[in-house]
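The chain below stands alone, shown as structure tokens; this is the form predicted on its own.
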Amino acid sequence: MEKIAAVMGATGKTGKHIVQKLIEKNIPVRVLSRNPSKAKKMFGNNVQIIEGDLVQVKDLKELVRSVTHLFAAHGADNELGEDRYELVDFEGMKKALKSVPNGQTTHVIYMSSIYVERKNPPYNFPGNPLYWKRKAEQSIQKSVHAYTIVRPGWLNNDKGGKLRIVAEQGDQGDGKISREDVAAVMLQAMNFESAKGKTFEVYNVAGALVKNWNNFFSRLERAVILS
């Protein structure tokens, strides 16, 4: 089956790397943007641009129809108002999931965050963004869709492909990671059944680069989701 991708948060600091990597792989890409001219300037004619806003639009059917992979790298940066964490991070994700046509096979690949499972995270913004990211995770995990949830450590804008990427589970660790490397992990998740049903944290460390991505995903445990 031909891969067709849709990206939420496409013009963001991490989302733009996801889109660029999809373009480089010659995978058809559809992006959601409330600023089509910005998306056009960033990606040219290499993507299909769907004008819309995660909060304002009624649904996301035009974005997700026929896609095999839905990348979610969106995120609010406000604690109040119509673009607050609850509405963008949580309700926006729920809207995307609900918009996928019945019977359509779509792999959801979601960028979350470290600390979402900790009762007293060392740092949190007003408005509880970690709480709403965790709620979005749970919506994905309890949906009918295949999923991969990637929880990056502290994001930076360093060049990717320079440091080793390690994956952990249990939300106990801490560390930094390049946004470009997060995008690389999410793109690799498209290619392996072993990535499905997995929720994990990722960090950069010194060492050899990952060569076997199937092993990278295979050693991770599948989540047991309680209804």
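Position 1 is the first residue in the sequence shown; the rest follow in order. Quick caveat: nothing in here was measured; it's all calculated off a predicted structure.
Below: the form predicted together with a small molecule, not depicted.
> E62 near the small molecule in the predicted complex, any heavy atom under 4.5 Å?
No, E62 stays farther than 4.5 Å from the small molecule in the predicted complex.
> If you check in the predicted complex, is T11 within 4.5 Å of the small molecule, heavy atoms only?
Taking the distances in the predicted complex, the answer for T11 is yes, it comes within 4.5 Å of the small molecule.
> Indicate whether the small molecule has at least one heavy atom within 4.5 Å of a heavy atom of M111 in the predicted complex.
Because a heavy atom of M111 falls inside 4.5 Å of the small molecule in the predicted complex, the answer is yes.
> Although the partner isn't part of this model, could you tell me whether G153 comes within 4.5 Å of the small molecule in the predicted complex, counting any heavy atom of the residue?
Yes, G153 is a contact residue.
> Name the stretch: of 190-198, 54-62, 165-173, 22-30, exactly one has residues whose heavy atoms fall within 4.5 Å of the small molecule in the predicted complex.
Contact-bearing stretch, as computed: 54-62.
> Among A73, V100, M93, I149, which has at least one heavy atom within 4.5 Å of the small molecule in the predicted complex?
After the contact test, the surviving option is A73.
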